[in-house]
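This document opens with one chain alone, in structure tokens, the form predicted on its own.
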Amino acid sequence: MKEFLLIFRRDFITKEEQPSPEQIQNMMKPWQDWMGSLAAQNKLASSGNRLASDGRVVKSDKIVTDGPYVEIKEAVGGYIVVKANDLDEAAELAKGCPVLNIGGNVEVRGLVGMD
């Protein structure tokens, strides 16, 4: 089986798009259920991490700017690594991601070893 990175994105800037504390609490169970299902199928290679909303971008001219999103409102919120036979199967696994229920999206990318 191959490994695939699932990258979770959603609107992190627009005040109207931010969930309330109650909504955040209600979102936890679907995430736990989905990731538990992946683990039960032996498809979860790494539970990844959530990412902080602030960051920096270092450009080729060594300039550092606030980031990671200067011009866009959509940001990466986290990631996991799944095991699948191919990109299509990994995309099918991504269809269960709870971020899709709040207007987000999941980018699916194959991981390529450095060797």
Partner chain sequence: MENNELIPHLFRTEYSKMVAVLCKAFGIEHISIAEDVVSDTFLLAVETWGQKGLPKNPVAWLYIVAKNKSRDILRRQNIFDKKVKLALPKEEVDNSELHIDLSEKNITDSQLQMIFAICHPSISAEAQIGLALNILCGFGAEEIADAFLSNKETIYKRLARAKEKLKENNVPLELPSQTEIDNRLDVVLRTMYLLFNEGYYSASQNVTLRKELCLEAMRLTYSLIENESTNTPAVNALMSIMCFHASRFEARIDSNGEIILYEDQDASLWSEELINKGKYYLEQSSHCDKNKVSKYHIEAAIAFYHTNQADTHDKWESILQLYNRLLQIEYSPIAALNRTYALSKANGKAEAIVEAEKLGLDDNHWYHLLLANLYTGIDNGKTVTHLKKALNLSKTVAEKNFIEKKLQEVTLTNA
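Numbering follows the first chain given and starts at 1. What you see is a predicted model, and the numbers here were worked out from it, not measured in a lab.
FYI, the form predicted together with its partner chain isn't displayed, but the following is about it.
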Name the single residue among Ser53, Gln32, Asn26, Thr65 that comes within 4.5 Å of its partner chain in the predicted bound form, judging by heavy atoms. Gln32
Can you work out which of Val81, Ala39, Val57, Leu87 has a heavy atom no more than 4.5 Å from its partner chain in the predicted bound form? Ala39
Is the gap between Leu44 and its partner chain in the predicted bound form 4.5 Å or less for some heavy atom pair? yes
